[in-house]
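Presented below, as structure tokens, is a lone chain in the form predicted alone.
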């Protein structure tokens, strides 16, 4: 019987080989992330004392029990036997015991010329345990390669009350302080920013359309093709400058930060000016 156990750094090479069997780029990125940030929250699946799978999670800071599923791969020799589903369910049960509220996972729809849609099996696995597609980021990873984000509630209706909640709007001071290319993408960028609760006497409250256009021009100068931004749903001042600068609303991740506070996604296509 296969059992899930915590991953150790001594497992690194074996885990990377398992990931590499499906996605060489993911394997390279996983090695770098494991080495830089460690393996807390990461697990391996063992069968007859042999590592045959890897799975893990990361908690989103500042949220009420929100998690992202990290690299989830199974040795191809053991696929189709129900072990991937067992591995995923075991992890989800761990998060339920931690009183986790919701978990999300990102999946590419990359269509390989020889192997077809290499992540279609993963999508079906997530759907089989209750994940629901909440958002599609068109051309996120590359032209023609979209990002699909699935979400799953970890608490049942009894423990996570389904009554409507009243969420107050917030108007913090938001300042952009940089930009960077999104990992594992080709030419997709986002902005970084700082947030503070109070503003100075003559300080503007929110970023402006001029701020956004400066960022757009900077990304264009770097050869970027698209910009993706996300914001909490309870920030009313963001919408006017985003719309004026040409950003389009893509969709939302429901109850991302807490119940009633969603993550709103926006994109700007630099090919369209």
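Numbering follows the first chain given and starts at 1. Quick caveat: nothing in here was measured; it's all calculated off a predicted structure.
Just so you know, the form predicted in complex with a small molecule exists too; it's not on screen, but the next bit is about it.
Note on contacts: among 95, 125, 174, 167, the single residue with a heavy atom within 4.5 Å of the small molecule in the predicted complex is 125. Proximity to the small molecule in the predicted complex, defined as a heavy atom within 4.5 Å, holds among 179, 182, 135, 118 only for 118.
Of the candidate stretches 244-252, 65-73, 219-227, 206-214, only 65-73 has residues with heavy atoms within 4.5 Å of the small molecule in the predicted complex. For a residue to qualify, one of its non-hydrogen atoms must sit within 4.5 Å of the small molecule in the predicted complex; all three of 22, 81 and 107 qualify. At a distance threshold of 4.5 angstroms between non-hydrogen atoms, residue 196 is out of contact with the small molecule in the predicted complex.
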